[in-house]
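In C-alpha cells, the next block holds one chain alone, the form predicted alone.
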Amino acid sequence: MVAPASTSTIDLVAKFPDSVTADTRPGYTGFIVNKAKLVEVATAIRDEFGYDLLTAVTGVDYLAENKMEVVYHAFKTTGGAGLTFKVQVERIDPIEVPSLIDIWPGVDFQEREAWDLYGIKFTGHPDLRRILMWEGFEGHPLRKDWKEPFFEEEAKPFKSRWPDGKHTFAENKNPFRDNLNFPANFDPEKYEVTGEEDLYLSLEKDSLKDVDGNMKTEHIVVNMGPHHPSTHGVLRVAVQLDGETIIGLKPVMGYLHRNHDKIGERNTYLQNIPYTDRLDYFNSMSNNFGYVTTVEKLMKIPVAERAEYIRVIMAELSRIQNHLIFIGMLMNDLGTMYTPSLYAFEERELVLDIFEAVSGARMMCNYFRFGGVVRDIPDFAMQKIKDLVFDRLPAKTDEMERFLNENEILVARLKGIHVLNAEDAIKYSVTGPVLRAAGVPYDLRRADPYSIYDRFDFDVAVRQNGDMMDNYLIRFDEIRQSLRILEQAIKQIPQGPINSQKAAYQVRVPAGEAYGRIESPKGELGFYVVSNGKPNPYRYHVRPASFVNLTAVESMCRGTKIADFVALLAMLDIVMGELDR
C-alpha cells in the first residue's frame, strides 16, 4: 500500500509535472527527478521550497534493473523532516548525472566518492578525481558486479565459515602472498605516480593568484601529512602558499579506507553493529545509535522505554568525553604539550569505565541492538554515572574553563581568526558544533528529534562570531547542555525490559529504504540503508560528519597564515576512521 502523498510531494510534482514523479516503490519515499531537469528542480528545492542544507548524496546500483540511482537528502536549517529526491539513469558507461556543486557546494567530496566507488560521472564537477581509492585502482568497487581478489560469496555468513568454522587465508592461495588485483598491463615495478599531477593542477586552478598587501613571491606547495602529528591520523593536505599565506589547499584522504560500505552490504544487519564502532572510534555508542535507529525505521519496531533512556545516557556521556578530548587535543595542536590533554583524558577514562561496565568493552562497545540495548546498566555503574553527572564533571568543566579560557596566548591564537560564517557553513553542508558556532542553531535533537530527545529541557548551544574562539567555547556550552540532559534522564529512567524484541541471530528487514541520522558529537551522522527483504542490506551507506565537514576546509583556510592551519583543521574535530571508512 502506497502512503498518501504529502503536501510537499503534491507541490513539487505540481510544479514540475513533466520531470518529477513520486517514488511509489513499496517502502520508498521521495521523488524521482528527470536527469535533464535535475539542476532546475534542485534549484527550486533550495530557493523556493527552502531546503538550504543538502547533507547526503550517494549512489545505488540496481543491477537487476540495469539502472544506477543517485539519492539526495535535503533539509531545512529551520528544522523539520527532510526531502529525498533521486535520479535514475541507465547502467551503461559512461553513467552521467549533472553535478549540483553550483547549488550546494557541500556535495563536492560526496560526488567524488560516488564517482570513485560507483563510476557515476558528475558532469560540471570541477575536480572529479578519485578520493578514497588510489589513482590506478581497477573498477568501481561498490558496483554489484565488482568482485575483489579471492571473492568468496556475496553475503555472510560464508559457507566456509559457518557452521563448520573452516577457513583459509586468501593470501595463502597466492604464491606472492598478496591479495591484490592490478589493472590490465599494469606493472607495479614500473608504476609512476600520475595522480599527483592532477592534484597539483587542481590546487593551482583553485588557488588565489595573489594576496592583497603581499609583495609578489613565488608560490610554493607544502605537504602536511599524512604522518604529521597534527593531521589527526593519516590525512595529507597539499597547501599552496604565497609567503606564509595559504592561497589554495586540497586534502588527500583514503589512506585508511577499507570500503566500510561494501563490508556492510556483505554483513547481516546484526553483524554491522560492531563495524559501526570502528568508524568514529571515540564515539562508538553514538555510531551504534545512528545505525540501529535507521534499521528500526525499516523494521517499524518500537524501542523499549528503559532502553531509550539508556541510549540517551550513553550518547550524552559520549558527547561530553568527545568534547573534553577535543579541548585537550586542541591545546596539544597549539603547543601546550600534554598537560591539558592528560587532564581531559582522565575524565574520558572515567566515562570509559562506565562503558566497560555496561558493554564489556571500553572503546568498541557493540552495545545497542534493534529494539533496545544488549544488557542493563548494573547498579554500581548507575551510581558511577550519578557521581560523574551531578558532582565531578560539572566541577572539572569549570576547572578547565578557569585554567584555559583567559590564557592570553590561547586567546591570541583563537580570537578573531575566522572559521566559517553562517552562509558558508550551510553552503558547504557543515553540521554540528562548527555550524552552531557560526550562528545557526541547528541541532538534530531539536530540529528533527529522534529517540526521546523531545522529552528533555535543554538549549541548543549557539554562538555568533564564527571564529576559532567561538568554536572552542561552544564545546564547553555543549558539555553543560549534555549534563542537563543527563540529569533529567537519570531522574526519569523507568524500570522495565531493555529490549522490545527477542534476541535473534538474524533479523528480517522488510524491503524499502530508510535514512536515519543523529546529532553525533561531530555533526550529522547519517545511515542510508536499502533492504530487499533478505538478511543482508542491499545498500548500506554511512554519511560521516568528519568527511562532509572537511569539504569546507579550503574555504576556511584560504587567506589565513600557515601557522593557523593546524588550529583551523582541529576545529572540524575529524576522526580518520570515520572520514576514510
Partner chain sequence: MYGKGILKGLSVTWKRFWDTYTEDISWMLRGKKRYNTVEGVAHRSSKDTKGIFTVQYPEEQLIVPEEFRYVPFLVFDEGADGKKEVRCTSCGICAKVCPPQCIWIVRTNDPATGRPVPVPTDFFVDMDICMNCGFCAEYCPFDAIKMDHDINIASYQRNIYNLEKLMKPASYYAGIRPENYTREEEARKAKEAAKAAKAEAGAAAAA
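All of these numbers come straight from a predicted model, not from anything done at the bench. Numbering follows the first chain given and starts at 1.
This next part talks about the form predicted together with the partner chain, which is not shown.
>> 334, 414 and 569 - do all three of these have some heavy atom no more than 4.5 Å from the partner chain in the predicted complex?
In response: No: none of 334, 414 and 569 comes within 4.5 Å of the partner chain in the predicted complex.
>> Please pick out the stretch from 312 to 320, 120 to 128, 499 to 507, 465 to 473 that is in contact with the partner chain in the predicted complex, where contact means heavy atoms within 4.5 Å.
In response: This holds for exactly one stretch, 499 to 507.
> Which pick from 349, 459, 454, 96 sits with a heavy atom within 4.5 Å of the partner chain in the predicted complex?
Replying inline: Going through each option in turn, the one that passes is 349.
>> Using a 4.5 Å heavy atom cut-off, which residue among 102, 244, 204, 353 comes into contact with the partner chain in the predicted complex?
In response: Exactly one listed residue reaches within 4.5 Å, namely 353.
> Any of the heavy atoms of residue 300 lying within 4.5 Å of the partner chain in the predicted complex?
Replying inline: It does not: once the partner chain is placed as it appears in the predicted complex, residue 300 has no heavy atom within 4.5 Å of it.
> Hey, in the predicted complex, is residue 359 touching the partner chain, heavy atoms inside 4.5 Å?
Replying inline: Heavy-atom contact with the partner chain at 4.5 Å: present for residue 359.
> Does the partner chain get within 4.5 angstroms of any non-hydrogen atom of residue 198 in the predicted complex?
Replying inline: Taking the distances in the predicted complex, the answer for residue 198 is no, it never comes within 4.5 Å of the partner chain.
> Quick one: does residue 364 come within 4.5 Å of the partner chain in the predicted complex, counting heavy atoms only?
Replying inline: Residue 364: yes, in contact with the partner chain in the predicted complex.
> Relative to the partner chain in the predicted complex, which residues of 374 to 407 have a heavy atom no more than 4.5 Å away?
Replying inline: Sequence-ordered list: 374, 375, 380, 384, 387, 391, 392, 396, 399, 402, 403, 406, 407.
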